[in-house]
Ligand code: C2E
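The chain below stands alone and is given as structure tokens, in the form predicted on its own.
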């Protein structure tokens, strides 16, 4: 879960541009995490269980010079959104913090301890994710930013200022070293453990042994709070690296050139699981760039659906903005063909990053799925409410239903319902559940 302070405190401690934690809030949170802890009445010093990384965007000044400060701001917004998406996926059961410190420098910290190998790999995977192309629709151009990351495990009781200073010094060295995207504060380049090649081999073996598991995030109707389905999310518990979410999984798969294989595995397992759900429940699947670049995607997916015995009219395909950048026209053709089979299409993470309205014109959409940053301020921020209301009004004009994700408070549900959104998902409803737990949840839900 994201690190939180009381709402009255955090409202004034957010970065004005991105909405991430400010440098002040980052320091306060790290100080809290690093403070001595009291166990059975005695205050003792224990080893720090934090992991911290500092991500720097080396080309953001170039973007500002070439396209203007507004383009740079839009790029920073998109990077902030990607960091949030990555953190929510990879740290779902951990306490974490994402902050913008200054310019193109972002801090990511996790309170729980994890192995150096996992922290190294997560930094590599985040760098891959952030470096995906960014569309700057205002300048009819595509940007790419190449991050460098400094990583560390702070020493016990190490102060926030010392932590941030050591990370900044290491990041400066990483940005001067070609070929080194991730650098440890203590000078290590690659902690002992799995190499990228070994990870790729591990992934292929895990696919063969059916070790890539799917969990299901329940989705609910805002009209009557009924359970209407779930979104499928991939997970892998690596024997050495521990929990890896979908972003890290696909980063490994991209390096091994097995994204399509991983994507098909997820679809087959999820569709087979959903085939035995109660008849009215819907399944949502995420679509990858590899799916869209495949000329066979629109024909192979209906075959997989048929083999699973699932009703295609109960399937929603979710696609995010950065996935669409490679070939928007092909995406529109593929989704039109799939909608002819009865499937629906959702534009995921809408309302963050560039929020490209051109997609609403060109793509055959059924849903807008609003990013959690669009609902966080509902109930206490009038500007957030005005923006939310405007997006829902626009969606209705386009005959699109609105899904809100990351819902954690009852007031968010009430406001989203009043404003006319259709569906919500988030921890207030249920956390992601494995296959058997979701079946039990679905069976028991009407009597809850």
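Owing to the predicted nature of the structure, the values given are computational and were not obtained by experimental measurement. The term rigid core refers to the most C-alpha atoms you can superpose between the two forms while keeping them within 1.5 Å. Numbering follows the first chain given and starts at 1.
The same protein also exists as the form predicted together with the named molecule; that form is not shown, yet it is the one meant from here on.
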Check each of 258, 344, 82, 235 and return the one that places a heavy atom within 4.5 angstroms of the named molecule in the predicted complex.
-> 235
Listed residue that, although the named molecule is not shown, lies within 4.5 Å of it in the predicted complex (heavy atoms), from 121, 250, 106, 216 = 250
Hey, in the predicted complex, does residue 365 get a heavy atom within 4.5 angstroms of the named molecule?
-> no
Answer for residue 287 alone: is it within 4.5 Å of the named molecule in the predicted complex, judged on heavy atom distances?
-> yes
Residue contact check: residue 422 to the named molecule in the predicted complex, 4.5 Å heavy atom | no
Although the named molecule is absent from this view, report whether residue 408 comes within 4.5 Å of it in the predicted complex, heavy atoms only.
-> yes
Only one of 82-90, 272-280, 143-151, 203-211 has residues with a heavy atom within 4.5 Å of the named molecule in the predicted complex, and that stretch is 82-90
Is it true that residue 96 shifts between this form and the one not shown by 2 Å or more at the Cα, once the core is aligned?
-> yes
